[in-house]
Ligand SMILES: NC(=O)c1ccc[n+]([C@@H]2O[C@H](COP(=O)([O-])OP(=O)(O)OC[C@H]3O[C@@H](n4cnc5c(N)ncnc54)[C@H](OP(=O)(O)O)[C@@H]3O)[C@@H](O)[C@H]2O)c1
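Single chain ahead, written as structure tokens, the form predicted on its own.
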Amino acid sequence: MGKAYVYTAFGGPEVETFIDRPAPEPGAGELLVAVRAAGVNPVDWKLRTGFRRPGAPPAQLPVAFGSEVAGIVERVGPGVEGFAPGDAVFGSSLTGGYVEHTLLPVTVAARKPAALSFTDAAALPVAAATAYDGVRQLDLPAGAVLLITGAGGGVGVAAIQIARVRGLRVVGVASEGKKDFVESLGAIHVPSGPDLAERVRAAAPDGIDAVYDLVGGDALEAAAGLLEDRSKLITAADRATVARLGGAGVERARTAAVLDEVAALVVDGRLTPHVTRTFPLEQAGPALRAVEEGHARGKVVIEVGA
């Protein structure tokens, strides 16, 4: 039996608890992984409230939190090639991340480079890969100006760096408390809040060429008004609003190849996951609160095993 941090119903933090559960059995094309680290993302608490991605099957409660992990392969399922017990891997999990054991489909699992820590690797499958997919989707030429809302969070921090690698100029929208952090990544900081469009115009008087939204709602509405070409408006946070505004959601590749690419950026020193806080599995609740309450700067990771 192993520990798992789960939600037992839809609601607030009061429905969260630890349970003991057996290690899942890997099916065809799956890896059983002993988790060493798990990334914490806003979608984790959103799913607890009852949010569902389009097309997702109904949740079978209790549900373990988390969807990105790094760890060691313990067993491989039927038909698996290229992986073996003892391999260090990272990827998107099928059966939770805030757990001691989980399943990874080989289609979204990659070998962890020796130079990449488990903690940093666990920050890549959701946050960094989403950032990578969005910047690639926009396909902007070097020198173009990209506006990123929610620039101080896990996806935003990675998106700034990946955009800078591609030669883009970045305007990052984040709280005033994250100003120095955002600027340290090479972006022009614009404080979030009312009258956002006016502040962006002042920061980028020649205009912006694209918007990568990570907040949704009013921020997305304000950012959209700054664009002439709505095909360059994408969001990872609010598909309903962006569709009404003429933009699109981020097209996630969800492949091992993307994981290999973002890991290579980290190893080469061109991308830093900026894991700013770590928690042991026993403090999974406080780790999730740090993200849910919006206080996290950069990435939060739960360290599960030695």
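Treat the numbers as computed from the prediction; the structure is a model and nothing was measured. We number the residues from 1 along the sequence you see.
Same protein, other form: the form predicted together with this ligand, not shown, and the subject of what follows.
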Applying a 4.5 Å heavy atom distance criterion, does Thr95 contact this ligand in the predicted complex?
no
Is Leu259 close enough to this ligand in the predicted complex to count, meaning some heavy atom within 4.5 Å?
no
Whether Gly294 contacts this ligand in the predicted complex should be assessed with a 4.5 Å heavy atom distance threshold; does it?
yes
Contact label in the predicted complex: Ala110 to this ligand, heavy atom within 4.5 Å
no
Heavy atoms, 4.5 Å, this ligand in the predicted complex: which of 26-34, 41-49, 277-285, 262-270 makes the cut? Say which one.
41-49
Considering non-hydrogen atoms and a 4.5 Å limit, which listed residue (Ala236, Ala210, Val170, Ile162) is close to this ligand in the predicted complex?
Ala236
Considering non-hydrogen atoms and a 4.5 Å limit, which listed residue (Leu214, Ala121, Leu147, Leu104) is close to this ligand in the predicted complex?
Leu214
Using a 4.5 Å heavy atom cutoff, which residues in 1-23 contact this ligand in the predicted complex? It's fine if the answer is none.
none
